[in-house]
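The form predicted on its own is given below as one chain in structure tokens.
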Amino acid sequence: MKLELGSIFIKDIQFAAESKVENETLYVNKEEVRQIILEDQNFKSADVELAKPGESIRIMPVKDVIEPRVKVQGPGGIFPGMVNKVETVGSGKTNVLKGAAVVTTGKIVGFQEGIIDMTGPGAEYTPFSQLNNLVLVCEPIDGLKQHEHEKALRFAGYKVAIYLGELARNLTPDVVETFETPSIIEGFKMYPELPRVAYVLMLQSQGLMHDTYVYGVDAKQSLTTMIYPTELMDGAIVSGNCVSACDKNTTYHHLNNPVIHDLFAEHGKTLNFVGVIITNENVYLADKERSSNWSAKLAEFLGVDGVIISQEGFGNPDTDLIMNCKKIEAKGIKTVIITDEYAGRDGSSQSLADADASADAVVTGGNANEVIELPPMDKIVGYADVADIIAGGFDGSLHADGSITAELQVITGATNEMGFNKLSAR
């Protein structure tokens, strides 16, 4: 499968009478975006704000971050099974507004949402501080159930991202990258001497509002399976999660999965990138056993020499991570796992809830329990008063001057387990 990904670089975002892209600036008609949000009768009001790199702005609580894309050529559309029809995506041509994002916020859905600071020390921990963000502040109708609220907010983000992505349909990309995955047989013939490597992508699916969707299907309802890496670039996997912000894989993360991009960069040079195995994270032991058994079985079936495994979340998912690792290692396949740590505020506690001697090659995204000080910002987009209840906050986190004392896990993407961050250890 072959995909040409064309990037149109966005270096500024402004409100205007007409939505368009011109001179590296994304112009947005605010009222048109509001009307897209308010098509959903689950919202009683909506506002749209801008947040640019370096501005004294704090966005909280953040639900999701989404990159605008458009399918220019080839089957299907962006976010198949969610917004567009269920067709297999990942081939043809797709254009991206690179440097822009849609961020969803509003009344808190659950306690596990996050913060994006556009400047200051907090901005250094999240990649989203470097984007030109269109922030949707969506207010639900009274009495709306939590899962219905989450769904409405999720779809508002997708629809607005699709709306912005359409602005790139007829534009000439600044850069075009080509990603191609040959079949198993073709791959053997093309690179007989190179080690075969697969990526095991663990998807958060541990109960209500811990959801990840694959072609519109909640991952907890699916068995471990295989997917072309380019399918993710067209939005085949999206986030519906209300989990700790620091290691949540937002929809933006799935669209820009750095493990996939790095493996493609080495494909045909130092390794043969065979494809992606997607597996869920489960609550019950029997389900964990089933999913990890299938991960190991598929890795063996693909005849790979090594796999990279990325986790999402912490605590209970640590067991899924270690099960995947030790079962794949038992097949004679080398593994590298990507995780983060909850090692206590002083870093001296056990980092993971589970462990095994076979997990001897580990990449960490940092310690989410580290305490940080976030200075006050000139503007809050959303609601600052949730600082005391979001995961990583505590009673007294929010100070009278607007500053926040909290654990690193309050920052969206701070310890991301795809490695989409700046922290690690050696």
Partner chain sequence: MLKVVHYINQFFANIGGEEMAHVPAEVREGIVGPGLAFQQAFGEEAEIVATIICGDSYFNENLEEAKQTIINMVKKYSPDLFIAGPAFNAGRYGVACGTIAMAVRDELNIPVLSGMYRENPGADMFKNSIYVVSTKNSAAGMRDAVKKMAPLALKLAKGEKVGASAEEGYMPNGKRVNFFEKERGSRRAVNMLIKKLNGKEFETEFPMPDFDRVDPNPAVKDITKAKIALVTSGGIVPKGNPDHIESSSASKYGKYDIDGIMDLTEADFATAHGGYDPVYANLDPDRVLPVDVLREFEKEGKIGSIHRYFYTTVGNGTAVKNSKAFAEEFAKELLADGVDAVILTST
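Numbering follows the first chain given and starts at 1. Owing to the predicted nature of the structure, the values given are computational and were not obtained by experimental measurement.
From this point on, the text means the form predicted together with its partner chain, which you will not see here.
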Taking 4.5 angstroms as the heavy atom distance cut-off, pick the stretch from 69 to 77, 270 to 278, 154 to 162, 180 to 188 that is near its partner chain in the predicted bound form.
270 to 278
How about residue 170: is it within 4.5 Å of its partner chain in the predicted bound form, going by heavy atoms?
no
Would you classify residue 266 as touching its partner chain in the predicted bound form, given a 4.5 Å non-hydrogen atom cut-off?
yes
Can any non-hydrogen atom of residue 2 be found within 4.5 angstroms of its partner chain in the predicted bound form?
no
Partner contact for residue 192 in the predicted bound form: its partner chain, 4.5 angstroms, heavy atom
no
With its partner chain left out of view, choose which of 131, 135, 227, 308 has a non-hydrogen atom within 4.5 angstroms of it in the predicted bound form.
308
Go through 343, 219, 233, 298 and name the one with a heavy atom inside 4.5 Å of its partner chain in the predicted bound form.
343
Check all three, 356, 370 and 421, heavy atom within 4.5 Å of its partner chain in the predicted bound form:
yes
Though the partner is not shown here, which residues of 142 to 174 have a heavy atom within 4.5 Å of its partner chain in the predicted bound form?
none
